[in-house]
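So this first bit is one chain, no partners, the form predicted alone, shown in structure tokens.
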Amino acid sequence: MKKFDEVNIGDTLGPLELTVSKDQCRAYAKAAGFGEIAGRFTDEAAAKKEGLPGIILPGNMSLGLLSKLVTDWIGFGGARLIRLGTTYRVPVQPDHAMTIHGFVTNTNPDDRTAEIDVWIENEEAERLVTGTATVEFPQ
């Protein structure tokens, strides 16, 4: 359970190391309704036909992974993730190790919020997806 008074600029979130398999990517894409209309998430040949290196994670899946980092950090104390904006810089490929990081960039005591930079990076420390989250803490 994270409390606002315990949050400091520079606090880190993660790192969360994980690998999403192609089967997990396909299952997510199909459950989200992308499976039939966007082969880049489910089919190697279709992805390569689009000029991609292979199957890629749907953007919403990357967004969900970044959200998990923040919500795991928040815990169950009543704080909530109220905004998460992302920029997709490089396609995220399944079956590759990735690490998700974050750190607190600002706190605002007036509205009890914290701003957090978050990102997904690959094995070469290349930032694939970057974002900024806002967390609001209860009074």
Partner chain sequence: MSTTLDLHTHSEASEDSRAPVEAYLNWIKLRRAERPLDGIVLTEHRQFNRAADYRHLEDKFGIMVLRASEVETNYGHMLVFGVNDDMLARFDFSNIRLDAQTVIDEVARMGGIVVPCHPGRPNIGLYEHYESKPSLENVVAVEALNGGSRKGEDARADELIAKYGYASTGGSDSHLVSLIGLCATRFAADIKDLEGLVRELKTGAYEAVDFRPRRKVVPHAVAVETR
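Predicted model only: the values in this text are computed from it and were never measured. Residue numbers count along the first chain shown, from 1.
This next part talks about the form predicted together with the partner chain, which is not shown.
A.B. asks: Within 4.5 Å, heavy atoms only, which of Leu52, Ile82, Ala32, Ala97 is in contact with the partner chain in the predicted complex?
C.D. replies: By the 4.5 Å criterion, the partner-contacting residue is Ala97.
A.B. asks: Is there a heavy atom of Ala47 lying 4.5 Å or less from a heavy atom of the partner chain in the predicted complex?
C.D. replies: Ala47 lies outside the contact set for the partner chain.
A.B. asks: With heavy atoms only and a cut-off of 4.5 Å, decide whether Leu13 touches the partner chain in the predicted complex.
C.D. replies: No, Leu13 sits far enough from the partner chain in the predicted complex that none of its heavy atoms falls within 4.5 Å.
A.B. asks: Any of the heavy atoms of Thr105 lying within 4.5 Å of the partner chain in the predicted complex?
C.D. replies: Yes, Thr105 lies within 4.5 Å of the partner chain in the predicted complex.
A.B. asks: May I ask you to list the residues of 118-135 that have any heavy atom within 4.5 angstroms of the partner chain in the predicted complex, in sequence order?
C.D. replies: Contacting residues: Val118, Trp119, Glu121, Glu124, Ala125, Glu126, Arg127, Thr130, Gly131, Thr132, Thr134.
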